[in-house]
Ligand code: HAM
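One chain is shown next in structure tokens, namely the form predicted alone.
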């Protein structure tokens, strides 16, 4: 009986694996360029950790199980709770600011669809211990730095930015009570994701007062930070929250990525733990799900039993990103083969062990070398060397038998030379 792969998962054959490595290597490179250091955690945690962050309903969205010891566990659907737990455990020993990144494998028990699978990889970047919008700007820069490095321009992607702090202050000014805020956030987060009539219906359910609802709708129609000045007039809390947002855009301008960034009051982020700047990155055609999302979460560590400390960060999944890169023709050609520095060809069965010895010595010197399992036909061996993208080919034949010399062939240029084996090793290592 043939057993298929589980729905919502992927088999990473060598050609697909090369794409995955291309994405993840790029993520890690961008992280290191901005001086983030890598961490990781366990693939499963106590279920209560996710319930504490998102409520009991989260259990239906997880791969949860009870182990042989009767403990309720869950495969991680995200790594931010793990980050909070780890930092809390060593909070007094860790130097501030804490600038960490991770590329965890995550699982969510949801319906697979375009850009969303049950198993995926996600790039997480976080700064803990900095109560300044400069930290928010730095995380946004890190994300854009990666996207820019792989060839995505401001015509391809846009960072849509808003502020939960600013929105909270203005909503309360318009008559929304504190206890209503999270419910209103959840509704506003759906504004761009559902039809207008459906949005108006759920907004009416969340805000019964028609006058207040009308004012909220007017606020959500704002298209620029400058237009918000009218809503902030005379209210110092609104002015302060708005000034913080303006400082953020000034930082992004200084970092040279302002052309990628724009204000969008509709970016709310559904999760309740966001407390300040929030952002999402989309393709400019808006044909795909969000590529990335994040923001400030100053209360999360305290929610997990630690001190109240500032934090900001983002997560970028590989599924939507890979679709966009493929659409833009920015993925490397997936051959499923590596690039070999040197291929060792053998024309005589008597020399086969010598060819293996040479390949092994090259490998021990840090050179990627391959050899033929069969001696004889040079044409076939050169064809295999070419298929492996070999840069050069060492040919053991009559010259080696007579004088201990080999033929060194440059596979790109087609030129070749006869060289002593000792000189060959020196030349290859240099």
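Note that the coordinates shown come from a computational prediction; the quantities given were computed from them, not determined experimentally. Positions refer to the first chain, counted from 1.
Heads up, the form predicted together with the ligand isn't pictured, but that's what we're talking about next.
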inquiry  = Which residue, 310, 275, 124, 162, is the contact with the ligand in the predicted bound form, using a 4.5 Å heavy atom cutoff?
reply    = 124
note = Of the candidate stretches 315-323, 222-230, 164-172, 147-155, the one with residues having heavy atoms within 4.5 Å of the ligand in the predicted bound form is 315-323
ask   = Does any heavy atom of residue 355 come within 4.5 Å of a heavy atom of the ligand in the predicted bound form?
value = no
request  = Report yes if any heavy atom of residue 104 sits within 4.5 Å of a heavy atom of the ligand in the predicted bound form; otherwise report no.
outcome  = no
key: Close approach of residue 100 to the ligand in the predicted bound form, 4.5 Å, heavy atom   = no
key: Touches the ligand in the predicted bound form: residue 115 (any heavy atom, 4.5 Å)   = yes
ask   = Honest question, do 33, 260 and 283 all end up within 4.5 Å of the ligand in the predicted bound form by heavy atom distance?
value = no
inquiry  = Could you pull out the residues of 95-112 that have any heavy atom within 4.5 Å of the ligand in the predicted bound form?
reply    = 108, 110
